[in-house]
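Okay, so here's just one chain, in structure tokens, the form predicted on its own.
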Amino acid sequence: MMDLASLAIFREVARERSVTRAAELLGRVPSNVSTRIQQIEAEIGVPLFQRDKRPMELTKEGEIYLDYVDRILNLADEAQQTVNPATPAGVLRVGSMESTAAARLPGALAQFSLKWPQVTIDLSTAPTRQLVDALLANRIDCALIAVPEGEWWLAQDELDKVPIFREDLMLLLPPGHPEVQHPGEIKPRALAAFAPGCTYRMLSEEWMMGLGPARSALRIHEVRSYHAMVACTAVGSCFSILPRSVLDLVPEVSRFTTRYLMRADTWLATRPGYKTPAFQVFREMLLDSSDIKGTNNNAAE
């Protein structure tokens, strides 16, 4: 019967795509790691890795299995931390929007690591919708997300959440672009934005409804980073809508034409009842640095 140690070995090999590299990180000999993988495959009756590929790749069944292994190991870690709450320790898996990770978290995470060196922060970034899915699937422990009031895909009691940061969303136009009062005055016909699932993209598209019939001519140019978003705007092919906290990190941002559009709160969200010591101190640290005061848990803006 498989144990947690064997599942952890499988996960490390899947992440590193190499038995040798996984063995080094785990402090084991490669032959032991290979044997554990073979035992797992023999027990479940299907190959998990494509042996003819270098670096190693998961089979379709292996990808499905890895998702379950992540959930099992994360829940086991959560259980251990919860029943032995003497001091914050272990791994805290934090998901974040790209903007929050870039502009809000570096100082906070540095402070946290100095104060709680026994806790390892495993940080990942994704749009809000994907972060919520990861939370509900137990792939991460908490997430910094933006969820507008009334969003249909998130039930009110599905997550515990508390507002942490208030973001000003800014319209970013190419250098030299005239000031605008209405979406129809924007010259570029493409919006640089992240993939679907990003709350800021959704709010941007709602604001662009002011174009009326001309809205159908607007293209969405999907990018993977705010650096790319700003670069596309700089060359004049796109416009962007992004948080002021991110704009403050852009060199020579004064060359661009900007305009305040709206506010959107960033929430710290978890599964209901998730209260490991590591998360509790992380939550308190973020609340101490919050620029939103006096708002209750689960309250809508």
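When you see a residue number, it is the position in the sequence shown, counting from 1. None of the values given here were measured: they were computed from a predicted structure. Note that the rigid core is defined as the largest set of C-alphas that superpose within 1.5 Å between two forms.
Although not depicted, the form predicted in complex with a further copy of the same chain is the subject of the following passage.
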property: Listed residue (Ala110, Ala79, Met209, Ala137) with a non-hydrogen atom within 4.5 angstroms of a further copy of the same chain in the predicted bound form; result: Ala79
property: Among the candidates Ile44, Leu249, Val235, Val29, the residue which, in the predicted bound form, approaches a further copy of the same chain to within 4.5 Å (heavy atoms); result: Ile44
property: Region of this chain that lies against a further copy of the same chain in the predicted bound form, out of 115-123, 183-191, 70-78, 162-170 [heavy atom, 4.5 Å]; result: 70-78
property: Residue contact check: Tyr65 to a further copy of the same chain in the predicted bound form, 4.5 Å heavy atom; result: yes
property: Contact of Ser225 with a further copy of the same chain in the predicted bound form (heavy atom, 4.5 Å); result: no
property: Core-aligned CA displacement of Ile72 at least 2 Å between this form and the one not shown; result: yes
property: After fitting the core, Gly273 CA displacement of 2 Å or more between this form and the one not shown; result: no
property: Core-superposed comparison between this form and the one not shown, Phe10 Cα displacement 2 Å or beyond; result: yes
